[in-house]
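Shown here is one chain on its own, the form predicted alone, set out as structure tokens.
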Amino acid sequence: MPSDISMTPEALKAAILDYKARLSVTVVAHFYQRDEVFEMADITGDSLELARRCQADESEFVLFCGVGFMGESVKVLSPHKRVVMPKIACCSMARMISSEYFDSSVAYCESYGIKSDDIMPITYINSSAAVKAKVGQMGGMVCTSSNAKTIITRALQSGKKILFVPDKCLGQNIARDMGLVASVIGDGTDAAKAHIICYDGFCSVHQLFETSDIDFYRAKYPDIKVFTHPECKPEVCEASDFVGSTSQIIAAIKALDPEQKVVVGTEYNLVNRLRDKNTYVLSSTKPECPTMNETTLYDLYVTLKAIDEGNPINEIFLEDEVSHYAKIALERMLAL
């Protein structure tokens, strides 16, 4: 079997299928992956869906095509599995919050007279296992874009201030939707007067979308529907017809009349696969996630080849304490 990087896409696909047929491996791909990688996957979905489905999978190896925190989440929930990644690509949002920055955020809250015992931390799943572990140690939970409102509703029952990391936009959008007051660390507002104190992180892709983009499409197509992800800026979400997670956007668009025009504010690869017609991207530029697009067909081939040769590459390993507390934070979410 050829192993040179000059292999054609057809040859790479044939080799990948051969490895998949012979090895105890399940190929998993996030919705934002390149089409050619996405098409080779046995399981596809958003980050939480993939981690949960991997728990029930019986293969020895999970080959995860996505970004680093996603592979970590699989390993946390399924520690017995061997998790490898073609590229341990870095989610820019997850990179914005470290365990040290988390500690600094707690200190920031304390500077406004909020005791650490009166803080309920919630971390978006787009964070490292180390941050999830910090949250788990403080009694907090993980959330996703689809269940953030449910998680925050439960967290509010504690009577504590919510420290929401790392995505300020998701935190602000949920606060607005629930009629709550949100504060962003460092924005000059009084954190003590806020229900949700948001870390100043964001998704570089979803920051591309502007209300001017919505105005452009509505002027061109008066009956168009605007669908956006809650990682978008609050003013963009407020001007939208539908705001939801990746899976929620997919389901809602599938339910539309095929003739209904829709413009979508989320990652390009996903939008491009939604429908054959009447679907547009809410941006004048191509909103591709650069790190999600790092994984290529050749990388997938090389990773499978390494497993076949008994020398797996880019395997995910976590310290026991980190894995323990991160799993607690994730399981608190799953219990809801």
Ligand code: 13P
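One rule holds for the numbers: they count along the sequence shown, beginning at 1. On a predicted model such as this, the values are computed, not experimentally measured, just so you know.
The following text describes the form predicted together with ligand 13P, which does not appear among the structures shown.
Novice: I'd like to know if His229 sits close to ligand 13P in the model of the complex, meaning any non-hydrogen atom pair within 4.5 angstroms.
Specialist: Taking the distances in the model of the complex, the answer for His229 is yes, it comes within 4.5 Å of ligand 13P.
Novice: With the cut-off set at 4.5 Å between non-hydrogen atoms, does Lys233 touch ligand 13P in the model of the complex?
Specialist: Because no heavy atom of Lys233 falls inside 4.5 Å of ligand 13P in the model of the complex, the answer is no.
Novice: Would Thr26 count as touching ligand 13P in the model of the complex under a 4.5 Å heavy atom rule?
Specialist: Close contact is absent here: in the model of the complex, Thr26 is far from ligand 13P, nothing within 4.5 Å, heavy atoms only.
Novice: Would you check, heavy atoms only and a 4.5 Å threshold, whether Asn173 touches ligand 13P in the model of the complex?
Specialist: Contact with ligand 13P, no.
Novice: Can you pick the stretch from 255-263, 210-218, 149-157, 238-246 whose heavy atoms fall within 4.5 Å of ligand 13P in the model of the complex?
Specialist: Contact-bearing stretch, as computed: 238-246.
Novice: Can you work out which of Lys75, His206, Lys168, Lys161 has a heavy atom no more than 4.5 Å from ligand 13P in the model of the complex?
Specialist: Result of the distance check: His206.
Novice: For 256-286: residues with a non-hydrogen atom within 4.5 angstroms of ligand 13P in the model of the complex?
Specialist: None of them.
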